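The chain that follows stands alone, in the form predicted on its own, written as structure tokens.
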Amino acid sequence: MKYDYLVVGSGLYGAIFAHEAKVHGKTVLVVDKRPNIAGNIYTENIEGINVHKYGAHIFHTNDKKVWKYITQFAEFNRFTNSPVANYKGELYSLPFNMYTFNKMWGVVTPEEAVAKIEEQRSEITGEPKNLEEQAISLVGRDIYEKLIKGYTEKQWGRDCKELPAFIIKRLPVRLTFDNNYFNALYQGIPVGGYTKMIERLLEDIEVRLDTDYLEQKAELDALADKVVYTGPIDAYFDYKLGTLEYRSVRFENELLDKPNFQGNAAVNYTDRETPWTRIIEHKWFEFGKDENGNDLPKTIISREYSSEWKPGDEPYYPVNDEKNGALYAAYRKLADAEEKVIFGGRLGEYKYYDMDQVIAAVLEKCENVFGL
């Protein structure tokens, strides 16, 4: 059978493109090298808990069109991300807000908080030369030392003095007691998990799992008129110009025979000595309840460890520095010459995308292709 489209990857970008192609009367084959659909937003139900297998994914957007689109395929709960920072046993509220400043300095009013931040920011004069100076120039030395430095160094595997200032152009500072991290108009988690949402997008579409596109490229390409490729762009071209760099994340999951481990979905460990960057307690994304509203007697936690990416690892965060930007631009030129291939998504475009940005990008692509 000849398909109109071969979609490589069943994550958010691939699933939405496949769905829209089908809606527009096209025949579609989706392939994925993993044994499951949904890419990095895959959730697996274990002991009644929807476990985010590739890291926490919290949906948030201010884009009404995106929200209206995605809520066709899932009902979202009212989860609001309010992470906690643990610095050597001291707990702080994130993002930086009046709770944080009160715990850090004992200040009570916004005026006192501003005065303290201004006093500490003043140690940096002139243009910040690195991430450390940039952070101090924004929020002062105390917050930098306790809540930014260790976490950032673990995340990037480099000293903050060696990281470019642009990584943190700004830091959210709130002179209110609002600890809603994203501050987005629409946010939440799909009831029943993300996998269920992707299943709905891919309803009545042929999907082949455990299928490595790059290993079977010639025979798979022959099955379709056009290809939508959401894998790593450098891998598509067999790394012939060099390898793009990523940061990767390793997860250590633990099922605990207790109802509550940390009392919050996300706790960031901001000291340098703790080897993990954060602990996710998955049940709190759905308020500790199963799908029938019953309290769950057990809990599952995931410790996250940031690492340098190497072949075989899962690529997570593009290293968007000058060198990698130039290499991506060279690959982009090659991609533009591939007339029957659309490159999309986080890996296909070597871009850090939030989920709402992925949805907006694929819908725009579908408008161009299908004339929505």
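What you see is a predicted model; the values in this text were computed from it and never measured. Note that residue numbering follows the sequence shown and begins at 1.
Only in words, not in the display: the form predicted together with a small molecule, which the text now covers.
Note on the partner interface in the predicted complex: the residue among R332, K33, R303, K26 having a heavy atom within 4.5 angstroms of the small molecule is K33. With the partner omitted here, the residue from T211, T274, Q120, N130 that has a non-hydrogen atom within 4.5 angstroms of the small molecule in the predicted complex is T211. Heavy atoms within 4.5 Å of the small molecule in the predicted complex map, among the stretches 339 to 347, 322 to 330, 64 to 72, 43 to 51, onto 339 to 347 alone.
Using a 4.5 angstroms limit between non-hydrogen atoms, W309 is distant from the small molecule in the predicted complex. Not displayed here, the small molecule is approached by V358 to within 4.5 Å at the level of heavy atoms in the predicted complex. Among heavy atoms of A18, none comes within 4.5 Å of the small molecule in the predicted complex. For the chain shown alone, P232 is a contact residue for the small molecule in the predicted complex, at least one non-hydrogen atom being within 4.5 angstroms.
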